[in-house]
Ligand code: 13P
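The form predicted alone is given below as one chain in structure tokens.
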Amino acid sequence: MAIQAKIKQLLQAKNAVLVAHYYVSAELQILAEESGGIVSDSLEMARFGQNSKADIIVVAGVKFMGETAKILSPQKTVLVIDKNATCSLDEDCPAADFAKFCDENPERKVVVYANTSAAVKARADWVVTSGSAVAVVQHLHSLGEKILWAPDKHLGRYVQNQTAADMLLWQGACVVHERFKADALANLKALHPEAAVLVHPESPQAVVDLADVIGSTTALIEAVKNRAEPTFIVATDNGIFHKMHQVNPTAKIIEAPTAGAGADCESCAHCGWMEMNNLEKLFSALKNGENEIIIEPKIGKKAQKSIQKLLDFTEQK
């Protein structure tokens, strides 16, 4: 029996659901959808798990995604495929250092990106996604609030430019998006004048400046689905290409270049931590109940409040 079939049997037997991020392998994304799970961004993964009747949520992604699922479903068992799969944004924003930063700037509303630990979310007033950050900060700015933002400096700068809000930025960055090179992208764009350039706002400013579409993973997928161009140059993790090909099978999708000073490959935009997720580890975690996410209840409740603010805000929009 193929390992996919064995995993499907286990998911059913244990009343478990598999939720996968756009950046994990195509085989995991396919398995999630074929078994009644979902492929989406981190917050929607958590919400899907919360709204499902499953007792166990298995997260194909990285640690903070498992924590977000547990925050929204504290009564459920949440497993990650590899407990060592993390995120540079999460790692670059230690909870103790971040709390000190907040304490030093008490007059500011604390807004943190979803790519953070449960403890950092617990310290925040608001949790946002890349798709909702501009709207939330614009709302807070309209109320006269000053913002303390963490952890991604590039996304923070983009939001600041869009809203004109007073924002103090934590200096974190995504190891994947920070590698995109504007000069090489401009050259590639010249070679493909028929292409639309799609850029995630975690990318450096010079790269964002070359974009035809700037947006979250979901927004970039929608652009491939709905825009008329035959070709797309995409500046985000190349794991997303599976879903892009699903929504537009005829599109030509080209990786934005990471080549430049200090580069070791021409275009290699893929998260090594996402790559740590595979079918064999998934089977083992599900069979043996490995890699369970545990969050201190007090932290979980505080983090849930900051996420709920976003959910309530987006429902009102």
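Counting begins at 1, following the sequence as shown. Computed from a predicted model, the values in this text were never measured in an experiment.
What comes next is about the form predicted in complex with 1,3-dihydroxyacetonephosphate, which is not displayed.
In short, of 113 to 121, 188 to 196, 227 to 235, 141 to 149 it is 113 to 121 that has heavy atoms within 4.5 Å of 1,3-dihydroxyacetonephosphate in the predicted complex.
By the criterion of a heavy atom within 4.5 Å, residue 68 is excluded from the residues contacting 1,3-dihydroxyacetonephosphate in the predicted complex. Contact annotation for residue 277: none of its heavy atoms lies within 4.5 Å of 1,3-dihydroxyacetonephosphate in the predicted complex. Of the heavy atoms in residue 130, some are within 4.5 Å of 1,3-dihydroxyacetonephosphate in the predicted complex. Put simply, residue 163 is far from 1,3-dihydroxyacetonephosphate in the predicted complex: not one heavy atom of it is within 4.5 Å. In the predicted complex, every residue of the candidate spot (42, 64 and 216) has a heavy atom lying within 4.5 Å of 1,3-dihydroxyacetonephosphate. Scanning 74 to 95 for heavy atoms within 4.5 Å of 1,3-dihydroxyacetonephosphate in the predicted complex gives no residues at all.
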